[in-house]
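Take a look at this single chain, the form predicted on its own, given in structure tokens.
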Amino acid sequence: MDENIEKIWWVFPRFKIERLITGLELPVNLAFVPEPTDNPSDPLLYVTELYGKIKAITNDWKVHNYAESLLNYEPNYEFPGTGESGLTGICVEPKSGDLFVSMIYEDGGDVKNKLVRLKSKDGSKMDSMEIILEDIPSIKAAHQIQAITIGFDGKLYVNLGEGMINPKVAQDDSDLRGKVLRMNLDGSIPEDNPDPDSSVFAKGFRNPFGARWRKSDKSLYISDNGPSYDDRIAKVEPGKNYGWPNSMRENSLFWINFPEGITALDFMQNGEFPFGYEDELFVAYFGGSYVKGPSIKGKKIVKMKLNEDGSAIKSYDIFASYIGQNAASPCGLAFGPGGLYFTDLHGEKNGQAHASSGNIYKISSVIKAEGEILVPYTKENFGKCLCPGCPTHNECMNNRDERLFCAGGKTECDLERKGCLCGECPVESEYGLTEFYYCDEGAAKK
């Protein structure tokens, strides 16, 4: 872990944060290889840099220049403003390892959106480019083509901003802006789209930055930035209208009246955190551009628990927040091997100085990471545990849903030893444990 990193980021109890990569230039989104290998030189993830570069990061955490000069214009670093657009969305096609990437480009003085497919023989450097979608009007001020995902149906889903100038296009069925598109991987229109003659899957969006699929209900969830109010998260369903420019709340799952620049999002659904966080939604709140130090607006990652059908939010917590003194703020976010990874767009240096100081961080569970744990922290063991009936178990521990201390480690709550049930606990018996007061002494180790 970086020295004094606790002075830069606060993270949720029983988690740790580490900086894996630094020196990136405005890193936006990241995408993991769906099935990474054990070969140190094979790619693990890819990162888009806003001004036209893609970095490939291999299993040995070396950084490679996958692609450069993807933009055909010179950006100007103006934040907020014309410098905050460029190369944004990215996803990895599972079968081929090809990258789908979204960006804007200039065409005879006009600004337009484009989606391309990039191919590579070894995964570390681009060999060829194929245009999948282009010639859609855009603007150099965000509200451009954004997140790209591949659904459980194998189709390509693309978030398109409404271009800011004329928000009414989000309701125009003949215009692709302000929509989520659904296409075949070659850009053609699937026959089972809501309209078989259109790639529009859903409409009424403003600036839909992030997108991710939830396994438990096989549905797509997106983030959408409001104007001076109502950033939101929506579950995207075929043929639905999500209201913009008339409303940012129509058919939305969640909205926040004071906008905080919601960017990327992902679900914990592959065991990267302990089981208690299964299916929770993690969302990056970017906040304002070049705002230094802690801020009431953005500069944090939140976690939300949804109900089973994704129609409501059951809980909301701040999971990580920036407490340093610089312009750093989370932007891209994705679960990967052993934890939650996110990009820090500006980094610890002054972004206005055009310094390459963007970072990639990883947040991982201390429960899984520290020591040789004798007792697995599993749902089954959690259910067998007698800790809630223990006289020492107090209200603070109960509010944090803490138990199974012999696996999870000592509590962060203040406690007074009032007696212990460990000797009677099925978990202690099953694993042959001999200690007491794990809530005060930490996890059982070999």
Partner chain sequence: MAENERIVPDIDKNASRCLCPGCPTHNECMKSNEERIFCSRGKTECNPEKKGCLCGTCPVEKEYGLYDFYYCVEGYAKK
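We call the rigid core the largest set of C-alpha positions that still match within 1.5 Å between the two forms. All figures in this text were calculated on a predicted structure; none of them were measured in a lab. Numbering follows the first chain given and starts at 1.
There is another form of the same protein, the form predicted in complex with the partner chain; it is not shown, and what comes next is about it.
- Considering the partner chain in the predicted complex, the lone stretch of 23 to 31, 54 to 62, 414 to 422, 36 to 44 in range is 414 to 422 [heavy atom distance within 4.5 Å].
- Within this chain, residue 12 is remote from the site of the partner chain in the predicted complex, having no heavy atom within 4.5 Å.
- Contact between residue 396 and the partner chain in the predicted complex is not found at the 4.5 Å heavy atom cutoff.
- Put simply, residue 431 is far from the partner chain in the predicted complex: not one heavy atom of it is within 4.5 Å.
- Shown alone here, residue 391 lies within 4.5 Å of the partner chain in the predicted complex, counting heavy atoms only.
- Fitting the two forms on the rigid core leaves the C-alpha of residue 425 displaced by at least 2 angstroms between the shown form and the other one.
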